[in-house]
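To begin, one chain is listed below as structure tokens, in the form predicted alone.
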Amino acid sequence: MAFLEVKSLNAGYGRFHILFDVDFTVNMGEILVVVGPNGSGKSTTLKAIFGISTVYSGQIIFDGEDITKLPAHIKAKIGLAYLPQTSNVFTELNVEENLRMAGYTLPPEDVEDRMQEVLEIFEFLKAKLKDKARTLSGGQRQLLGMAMMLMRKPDLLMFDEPTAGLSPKAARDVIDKIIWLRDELGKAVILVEQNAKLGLEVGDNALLLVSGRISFKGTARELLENKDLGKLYLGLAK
């Protein structure tokens, strides 16, 4: 059984139906890359799984349990984490305060130990604990957001266009850390990535969404090498 199973998912916002019969699975130690044109439903997919968009029908099975109707704060407690593209850190708080805020689901006595564990993973933050988050670069903010995710000890990590607006070097740093989370910690990852080539190069499996429907499901390599789909939907010139 897959760690995450999404079955016949129909979702959107109120009356605005965005996703139509979306099916996929994600295993532990795997990156699923979700790509597609703007407005294709990529972000809505993550929000539906996390409980912040409307699910009309279908099922979301997480570690063998049906979590379709659970609210987001409960999903956060049981091992799901979602990093939105923007507003993913508290800019007026310092780095340490951001990490402590992110540990709200943990017993108070565990927060300190968990923060030290996270700082060993994101070592550059040790020198910036008293710096306001707004003083960090775009890439550093994304990494802080990732560190905040890890405070809650999640098993499924969902990233919504984490490299958007970043320099090539900063984008590479963020992607390399996502790869590390898969390879070293064995996390299950769903990566929505506007830079399709970058995402498909590091992903294991891929989902191509077009107008809220699946147009391709298979390995990331297969989609990367599909000249017709790449040219038509992803801007991948061959």
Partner chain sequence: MGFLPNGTFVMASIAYASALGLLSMGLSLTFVTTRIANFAHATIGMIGAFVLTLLVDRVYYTGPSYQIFITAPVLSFLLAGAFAVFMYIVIMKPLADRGNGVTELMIATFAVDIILINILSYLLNAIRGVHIPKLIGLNVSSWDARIHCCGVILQASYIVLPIAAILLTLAFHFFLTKTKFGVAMRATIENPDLAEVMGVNTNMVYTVSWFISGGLAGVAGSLLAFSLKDTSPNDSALIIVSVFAGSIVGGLSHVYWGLIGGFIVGLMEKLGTGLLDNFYNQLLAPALGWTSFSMINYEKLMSLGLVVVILLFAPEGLAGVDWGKYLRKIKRRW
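Residue numbers count along the first chain shown, from 1. Under this definition, the rigid core comprises the largest set of C-alpha atoms superposing within 1.5 Å between the forms. From a predicted model like this one, the values you see are computed outputs, not experimental measurements.
What comes next is about the form predicted together with the partner chain, which does not appear here.
- request: Indicate whether Lys128 is a 4.5 Å heavy atom neighbour of the partner chain in the model of the complex.
  value: Contact with the partner chain, no.
field: Contact flag, Asp110 vs the partner chain in the model of the complex, heavy atom cut 4.5 Å
entry: Outside the cut-off, so no.
message: Even though the partner isn't displayed, in the model of the complex is Arg114 close enough to the partner chain, meaning a heavy atom within 4.5 Å?
response: Although the partner chain is absent here, Arg114 would stay clear of it in the model of the complex, with no heavy atoms inside 4.5 Å.
query: Might Arg152 be said to contact the partner chain in the model of the complex, defining contact as any heavy atom within 4.5 Å?
result: Judged by the heavy-atom cut-off of 4.5 Å, Arg152 is in contact with the partner chain in the model of the complex.
- request: Determine which one of 66 to 74, 192 to 200, 167 to 175, 31 to 39 lies within 4.5 Å of the partner chain in the model of the complex, judging by heavy atom distances; exactly one does.
  value: Answer to the contact question: 66 to 74.
query: Would Ser215, Thr219 and Leu229 all count as contacting the partner chain in the model of the complex, using a 4.5 Å heavy atom cut-off?
result: Per the other structure, none of Ser215, Thr219 and Leu229 touch the partner chain.
task: Give, in sequence order, every residue of 76 to 94 that has a heavy atom within 4.5 Å of the partner chain in the model of the complex, or say none if there are no such residues.
output: Those in contact are Ala76, Tyr82, Pro84, Ser87, Asn88, Val89, Phe90, Thr91, Glu92, Leu93.
- prompt: Against the rigid core, is the Cα displacement of Asp155 between this form and the one not shown at least 2 Å?
  reply: No; Asp155 is a residue whose C-alpha shifts by less than 2 Å between this form and the one not shown when the cores are overlaid.
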